[in-house]
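One chain comes next, on its own, written out as structure tokens in the form predicted on its own.
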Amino acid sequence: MIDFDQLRRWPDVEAPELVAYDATDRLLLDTAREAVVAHPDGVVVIGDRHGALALGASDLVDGAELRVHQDALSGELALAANAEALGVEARWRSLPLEPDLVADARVVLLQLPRGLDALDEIAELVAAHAHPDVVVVAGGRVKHMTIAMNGVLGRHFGDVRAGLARQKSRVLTATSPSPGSGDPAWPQRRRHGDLVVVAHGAAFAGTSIDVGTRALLAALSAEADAPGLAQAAHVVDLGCGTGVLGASFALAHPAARVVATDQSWAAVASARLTAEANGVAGRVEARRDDAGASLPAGSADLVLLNPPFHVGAAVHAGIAHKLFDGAARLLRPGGELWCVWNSHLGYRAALERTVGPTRQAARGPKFTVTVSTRR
């Protein structure tokens, strides 16, 4: 029996108000117990945040190997760290959100994503490739669930039933998959002027360009001839999302090479496709990484950053500060960090302290763009 209270979020952001598991993990395992025990070789875990679902399911499958998809790299690392710390002899394979993940699966344990597009892509994949008798047990916190989730599952499964709430969590059970007869709906693409954006369901902002990114693009365009931009040969799009910043910079600066890095599988897969769609794949590498940790220190002339201001469902600055630290490590002395952030967050002091002298390049009603020079 896994002692959930011993689970940690590390190396994800840790804070007293951030938890490594919640009541949904327990409810999912309790609800799916009979099906998991009956089909130990066909269990798939999707959306496990820090290992609670995978390690809990490992107790039920008698040594069988689980297939696991966690969008965040920090989730994969936390699962491994928790298994080692607890001495759990679990077996699992971490796989991308692709057909091999769910091929012939009999039971899918799913922590419901907050976005309907992300849920739609998962449900479409499972319905198309899992066993015809697959059971999908999908759970979430009631405050984050909507009736629209039932509708999304209902597009891909003939039967969707809601269970009773327990400790402010609820489970939806979906059976009778209905594989589509046409091409998969995901990933999707959309043209914005000269730029094509390609996105998987869980990618932030989808095929749109969020307001913060637009503000940073406008500031970059206004100072395109400045030496820090015009002469940048090695660029990092840190926390790249769908790769809009990296692809746009590569298009505007034909001599630059860009590494677009994000810890999200959906983001990196989207960024790779965005680069291909815009003809810059030869100069833009999309890499799944944790705050650029795999890149050499001092290797970047320029870092582009639109940091998130939340951790999961919680508003928290922890990831932004982690990315500031990452940018400072990556930049060579004299290199520049171009960063956009919600003006009310007041990040300038942190940027001065972590990276170096910081100036304001642009400011609007909601967003501020700053340029920090690595000291």
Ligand SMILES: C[S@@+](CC[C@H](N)C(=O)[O-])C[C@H]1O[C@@H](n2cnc3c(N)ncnc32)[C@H](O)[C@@H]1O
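Source: prediction; values computed, not measured. Heads up: residue numbers just count along the shown sequence, starting at 1.
The form predicted in complex with the named molecule is left out here; the points below concern that form.
At least one heavy atom of residue 307 is located within 4.5 Å of the named molecule in the predicted complex. With a 4.5 Å cutoff on heavy atoms, residue 271 does not count as touching the named molecule in the predicted complex; it lies far away.
Interface membership of residue 264, defined by any non-hydrogen atom within 4.5 Å of the named molecule in the predicted complex, is confirmed. Among heavy atoms of residue 323, some come within 4.5 Å of the named molecule in the predicted complex. Only one listed stretch (109-117, 289-297, 272-280, 183-191) carries heavy atoms within 4.5 Å of the named molecule in the predicted complex, and that stretch is 289-297.
Note on contacts: among 82, 213, 248, 169, the single residue with a heavy atom within 4.5 Å of the named molecule in the predicted complex is 213. Residues in 349-366 all lack a heavy atom within 4.5 Å of the named molecule in the predicted complex.
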